[in-house]
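Below, in structure tokens: the form predicted on its own, a single chain.
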């Protein structure tokens, strides 16, 4: 069953990560969390499909992977004061040390208005058979227009399932967003989270 699901993800989302932006828009994205260093560059070929490259480094094993990355917007709900999205995510590529194949598949869902946001992302990593869940609840105390800096306070809960064991982490995260630049910084005293993204 999982093989069928994996094949369908690859076929429909091609050779992903949120977001998918306007057609022909480009995204550059750097993220560091307790498990990975992740660098991505993508181009939205259509309004619902982003394809690009990805360098993923496992910080625990020091393995590095060169991947083709896809995000596919399955469904978007635009309401008067809010928006919701479902994305399929996939990456395929090679371990840079030994050329062994590696793939990721996932699903991302979110809902937001100008003050509140909830998000869930579930991903599977083939090289170590790990499942990773990232859950977010966010609040922005101020409603501002596009030209001003928007600040968000985020509760980020991460669960990783690997080798029949779970690990849990909670991060308070601050997000600053202005025009086409996004910056996030979080820490729980032991582990940290950092993300920077721009689109053009």
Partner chain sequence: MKKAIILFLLLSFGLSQSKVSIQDKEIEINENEAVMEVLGMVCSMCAFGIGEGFSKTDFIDKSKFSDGVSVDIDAQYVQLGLLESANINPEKIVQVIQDAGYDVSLLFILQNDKLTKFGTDKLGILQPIAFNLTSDRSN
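Fair warning: this is a prediction, and the values are worked out from it, not measured in the lab. Residue numbers count along the first chain shown, from 1.
What follows is about the form predicted together with its partner chain, which we do not show.
Partner-facing stretch of 165-173, 35-43, 52-60, 137-145, counted where any non-hydrogen atom is within 4.5 angstroms of its partner chain in the model of the complex = Heavy-atom contact with the partner occurs in 137-145.
task = Verify the contact flag for residue 129: yes if a non-hydrogen atom of it lies within 4.5 Å of a non-hydrogen atom of its partner chain in the model of the complex, no if not.
result = No.
inquiry  = Since only the chain is shown here, I'm wondering whether residue 197 would be in contact with its partner chain in the model of the complex (any heavy atom pair within 4.5 Å).
reply    = Within the cut-off, so yes.
task = May I ask you to check whether residue 123 falls inside a 4.5 Å heavy atom distance of its partner chain in the model of the complex?
result = Residue 123: no contact with its partner chain in the model of the complex.
query = Do residue 98 and its partner chain come within 4.5 Å of each other in the model of the complex, heavy atoms counted?
reply = Close contact is absent here: in the model of the complex, residue 98 is far from its partner chain, nothing within 4.5 Å, heavy atoms only.
query = What residues of 73-96, in sequence order, lie within 4.5 Å of its partner chain in the model of the complex by heavy atom?
reply = Contacts from 73-96: 76, 78, 79, 80, 81, 82, 83.
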